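Below you'll find only one chain, the form predicted alone, shown as structure tokens.
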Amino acid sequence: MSKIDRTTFHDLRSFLRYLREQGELHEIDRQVDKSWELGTICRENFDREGPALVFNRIDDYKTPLVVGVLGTLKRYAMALGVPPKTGAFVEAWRRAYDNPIKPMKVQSAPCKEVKTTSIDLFGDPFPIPIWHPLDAGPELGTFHAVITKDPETGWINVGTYRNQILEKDKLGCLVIPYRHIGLHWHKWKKLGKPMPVAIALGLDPYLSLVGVSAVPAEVHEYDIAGGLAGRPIEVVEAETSDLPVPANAEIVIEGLMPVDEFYPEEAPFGEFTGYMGTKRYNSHFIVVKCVIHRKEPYFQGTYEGRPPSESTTTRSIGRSAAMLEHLKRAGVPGIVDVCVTPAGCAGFHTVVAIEKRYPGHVRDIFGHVWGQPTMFSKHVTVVDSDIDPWNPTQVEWAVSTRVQADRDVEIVKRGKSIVLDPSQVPSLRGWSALMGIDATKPVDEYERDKTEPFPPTTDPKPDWLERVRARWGEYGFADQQVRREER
């Protein structure tokens, strides 16, 4: 894939135009039922690793719905202007963290072309589906940005927190205490004031990426999005608060989250785990005060559920970069690469490749991964630098040939998890046993045994591989068949 000028994607529309040109966008013009048909199409499309979708006729709504713009590694690469290889993705995130670009405030913006204070979240421009058969209601927030502000420091958080439509002017909001929106809410509660909230939908790809990627606390997602984009993200002041909202968003919903009042019941919803979540009682909610949007906007969402999905793809890569940044800031030496695995729902399982430097090095990594404050990796596998943590076959090979369970598996009986983890019984949700697997070569054990060294691998010499790869086309193979490990 040729290098793409990532600075050209200022909004969702410009990225859609590019995907259309590249044959990565499919528009569905026939009428689709939002109560069952739309979600079913999305599930099948993700399983096939199909194109991004635009649904032009959802029931009787005028507004089209966009799903899956970042649903494959290829489209993720297109957004960042890099080859579709995990190494290139991680390098792009490293550059963004090392070279953040602050947002640029503008006075007028496309997102303010239309304004209404007569709120009806069930009407246009909100063609919101019942994504899964057992959902409690339409779920607006599945691929969007919920924007809040720390009232003490001014730190702006841009995160993705689900929003069920509860009433025509009320939205649920999933607020977990240790997530950044929860930290902000508690500060507003101390002040005794409702928390201003803005929800932006239909975003440029960079804001979509940072919203799901566990950027560290006190780090502004707008800055990291600018680093990914290679230019400042344009923002404009909201209509009802001083929150900065994306100037080029399709739709922005503004409101207040009470600090002394809760909604009786919210959910269930089909979660990213691939299972239905449970009902939540006394839930946080947002009272909507204003909606602004572009003329003839797009609505954007995504189908949550088991991997593969757009959510899994974006969260896995972004959270891997965030975990790498966390380990780097903690000063842990010898880190080569990190993968918060897609099949682990982009959260439950982290694989870390290291150059092992001292006794206890692997155990240090277990502790730091478990201690990442906004993530929930209950399982950690540490491998040597000769193993690609993004390649599940290589990781399983390392676990199978380098691990003795009584020596290399560490279990902590009580640690942090999330309430959506179905492996834990309901009364203990939020807690989990933690498991660390040391899948590095047991060279110290071999040295103490004093019989023979750990055996060498059977792999060809590196220079042999390079010579063969250089001639791959001469052997009649297509480029994409070169090497699975390069993904």
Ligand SMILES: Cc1cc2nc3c(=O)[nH]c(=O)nc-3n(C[C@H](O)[C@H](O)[C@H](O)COP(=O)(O)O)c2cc1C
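Keep in mind it's a predicted model, so treat the numbers as computed, not measured. Counting begins at 1, following the sequence as shown.
Here the subject shifts to the form predicted together with this ligand, a form of this protein not shown in this document.
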Candidate from Thr302, Ser377, Thr341, Asn248 lying within 4.5 Å of this ligand in the predicted complex - any heavy atom: Thr302
Among the candidates Tyr298, Tyr161, Trp188, Phe348, the residue which, in the predicted complex, approaches this ligand to within 4.5 Å (heavy atoms): Tyr161
In the predicted complex, segment of 174-182, 70-78, 107-115, 85-93 with a heavy atom within 4.5 Å of this ligand: 174-182
4.5 angstroms heavy atom contact with this ligand in the predicted complex for Arg315: yes
Heavy atom of Val212 within 4.5 Å of this ligand in the predicted complex: yes
Close approach of Asn157 to this ligand in the predicted complex, 4.5 Å, heavy atom: yes
Partner proximity in the predicted complex: Thr142 to this ligand, non-hydrogen atom cutoff 4.5 Å: yes
